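Only one chain is given next, in structure tokens, and it is the form predicted on its own.
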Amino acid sequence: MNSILIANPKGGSGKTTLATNLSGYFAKRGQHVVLSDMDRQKSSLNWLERRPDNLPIIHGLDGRGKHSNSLSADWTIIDSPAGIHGEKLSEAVKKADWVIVPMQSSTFDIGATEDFLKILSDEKAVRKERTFVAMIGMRIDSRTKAASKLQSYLEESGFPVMGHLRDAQIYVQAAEQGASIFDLSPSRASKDVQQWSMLLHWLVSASREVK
């Protein structure tokens, strides 16, 4: 099983967007996918409830309590809550093969995430390279000074940067339908799908080597 934790202590950073779209991507590839939602708001599980029957199946799991991994998944995608820290963070990181940290370009987002990245780099699983961490920019307008500032910050974070996703209504429209952008027609989604290529290549190529 491959396990991906989506984590950032700040609310609204794009965790659920990443979690649901990654789940949609792997499901479309014919993989057995479990989407585990640790957030009490259940945004990911609510997205699953809206998912049409004709789209590839994704299994939902309430990840707030301790549970055994009874579902033998090819990929488990974990949508973590805002403010995750301490023992809950350590336990989630230890169980994950990858941690993906979404970030937006505002000063508030950068400030809120800075301490989290320091804590993350000190986690035993990360230090011993049993869990790998990557960053991704969310809702980015590449023409702005804020985007340039975020790019500089990400490059200095010590973790690899796996691209930037633009601020596009297609994500909102897909989410309302319980779909990912990978479930949409190429004529609608090709521009945005291309922005995922670096992240997806990193995950798929490394999945052959993880525990």
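One-based numbering along the sequence shown. Just so you know, these numbers come straight off a predicted model, no measurement behind them.
A second form of this protein, the form predicted together with a small molecule, is not displayed here; the remarks below concern that form.
Novice: Although the small molecule is absent from this view, report whether Arg166 comes within 4.5 Å of it in the predicted bound form, heavy atoms only.
Specialist: Yes, Arg166 is a contact residue.
Novice: Using heavy atoms and a 4.5 Å limit, would one call Ile119 a contact residue for the small molecule in the predicted bound form?
Specialist: Outside the cut-off, so no.
Novice: If you check in the predicted bound form, is Asp183 within 4.5 Å of the small molecule, heavy atoms only?
Specialist: Taking the distances in the predicted bound form, the answer for Asp183 is no, it never comes within 4.5 Å of the small molecule.
Novice: Does the 4.5 Å heavy atom contact test between Ala82 and the small molecule in the predicted bound form come out positive?
Specialist: Contact with the small molecule, yes.
Novice: Hey, of 143-151, 167-175, 27-35, 45-53, which bit sits against the small molecule in the predicted bound form at 4.5 Å between non-hydrogen atoms?
Specialist: Selected stretch: 167-175.
Novice: Could you spot which one of Ala92, Met138, Val126, Ala134 gets a heavy atom to within 4.5 Å of the small molecule in the predicted bound form?
Specialist: Spelling it out, the residue with a heavy atom inside the cut-off is Met138.
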